[in-house]
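Taking the form predicted alone, here's one chain by itself in structure tokens.
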């Protein structure tokens, strides 16, 4: 009975994450519009967009992988979110965590993106391979500093469990307060990871995949109707899952809904603040950036842990 209740609560939590992700996306569009001197769409516009495409159908088919791409995107986002704790101390909101779950979480982080790349490559638009090539190159580049940051965290906490990493920070907070967060305990790992997050979220200057005004067609055009609804849902859940993971890894997790909302909102806004003031990089500039200072910070973080 407890297992069934856990599953039900987890599905409700997943729907809440979807609503939160769509709302946050609407807020971001409004903020960017205001910065650019426009009124912008209403905050609830993503819900309208999702509703418009949810029940539409298309007669265009390119292959099995083209159909499975958005499914992989949504499945990867859902699996990612359901594995990590959202509210520590509330058993039904602590996710389906287990020893070593961080490794599976990292796999799910890239499962959806790789699925979308395979699906887009199976499409018929000539611009799709351009977006796929750019996306996989940038993903490989930001994986390096993020992976180094995770190595530093695991070496410091002695665990591959996200839940135990949160508990390790909570224990440090008993004597150090917020200085017990990994954000302050492992500053170079934090720098590497939060710079990598800019590439994960793909806001300017790292929105080289869709590249508005440059290659605005391809998967975004071919994946319409119900395919687009799966993409939008996966993107919204994935965005929230990422900031929840960063909250757990660097900000000591959350023990209440209000704490989770405040922490995740400010983590999400980090990418928006950067994107509001920087124009888009060229692909080679983006890759060079992630292989530069972020990777150096990650190497230094690992070196300091080993030196201890």
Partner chain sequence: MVNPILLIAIPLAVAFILPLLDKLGRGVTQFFHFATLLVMALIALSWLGHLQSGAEAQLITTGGWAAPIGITLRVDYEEIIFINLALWTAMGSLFYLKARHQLPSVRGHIIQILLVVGAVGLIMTRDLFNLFVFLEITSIATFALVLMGDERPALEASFKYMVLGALASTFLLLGVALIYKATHTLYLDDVPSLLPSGGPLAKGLAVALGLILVAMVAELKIFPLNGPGIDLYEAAEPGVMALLVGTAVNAMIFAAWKLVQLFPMGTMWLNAIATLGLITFVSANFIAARQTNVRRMLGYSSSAQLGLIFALMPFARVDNVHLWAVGLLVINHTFAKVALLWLAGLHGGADLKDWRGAFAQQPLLKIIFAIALLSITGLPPFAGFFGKWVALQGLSTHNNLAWVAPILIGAFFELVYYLRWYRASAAGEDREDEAPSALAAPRPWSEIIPPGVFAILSLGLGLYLLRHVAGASSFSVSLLLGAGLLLVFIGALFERETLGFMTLFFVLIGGYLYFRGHAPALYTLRGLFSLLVFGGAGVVALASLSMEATPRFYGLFLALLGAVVMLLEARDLLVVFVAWEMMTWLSYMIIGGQRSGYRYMLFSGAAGFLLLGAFMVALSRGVGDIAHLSALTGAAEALTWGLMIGAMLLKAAAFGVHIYAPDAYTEAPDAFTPFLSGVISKLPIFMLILALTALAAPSLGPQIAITPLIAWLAGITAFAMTLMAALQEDAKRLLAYSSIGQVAYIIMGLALLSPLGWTAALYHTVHHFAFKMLLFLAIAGVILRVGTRQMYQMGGLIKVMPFSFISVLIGIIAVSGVPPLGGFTGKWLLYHALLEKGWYGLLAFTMFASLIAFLYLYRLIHSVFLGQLKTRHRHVREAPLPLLIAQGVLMIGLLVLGAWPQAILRPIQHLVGGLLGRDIDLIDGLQLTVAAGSYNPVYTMILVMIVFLAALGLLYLAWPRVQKVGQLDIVYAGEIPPPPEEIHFAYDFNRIYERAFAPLLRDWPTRLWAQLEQGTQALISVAARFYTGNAQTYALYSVLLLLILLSVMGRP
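Numbering follows the first chain given and starts at 1. Here the structure is a predicted model, which is why all the values come from computation and not from measurement. Under this definition, the rigid core comprises the largest set of C-alpha atoms superposing within 1.5 Å between the forms.
Not on display, but discussed next: the form predicted in complex with its partner chain.
Among 157-165, 198-206, 86-94, 175-183, which stretch sits within 4.5 Å of its partner chain in the predicted bound form, heavy atoms only?
One stretch meets the cut-off, namely 157-165.
is_contact(residue 171, its partner chain) in the predicted bound form, heavy atom dist at most 4.5 Å
It does not: once its partner chain is placed as it appears in the predicted bound form, residue 171 has no heavy atom within 4.5 Å of it.
If we define contact as a non-hydrogen atom of the residue within 4.5 angstroms of the partner, is residue 63 a contact of its partner chain in the predicted bound form?
Output for residue 63 is yes: heavy atoms within 4.5 Å of its partner chain.
Taking the shortest heavy atom distance, is residue 189 within 4.5 Å of its partner chain in the predicted bound form?
Because no heavy atom of residue 189 falls inside 4.5 Å of its partner chain in the predicted bound form, the answer is no.
Using 4.5 Å between non-hydrogen atoms, is residue 67 touching its partner chain in the predicted bound form?
Because a heavy atom of residue 67 falls inside 4.5 Å of its partner chain in the predicted bound form, the answer is yes.
Those residues of 78-100 which, in the predicted bound form, come within 4.5 Å of its partner chain by heavy atom:
Going through 78-100 in order - heavy atoms within 4.5 Å of its partner chain in the predicted bound form - the hits are 78, 79, 82, 83, 96, 98, 99, 100.
Once everything's superposed on the core, is residue 99 shifted 2 Å or more at the Cα between this form and the one not shown?
Yes, the C-alpha moves 2 Å or more.
Kindly indicate if, in the predicted bound form, the C-alpha atoms of residue 99 and residue 11 are closer or farther apart than in the structure shown, bearing in mind the change is 3 Å or more.
Relative to the shown form, the pair is closer.
Direction of C-alpha distance change in the predicted bound form, residue 99 to residue 18 (at least 3 Å)
Closer: residue 18 and residue 99 approach by 3 Å or more in the predicted bound form.
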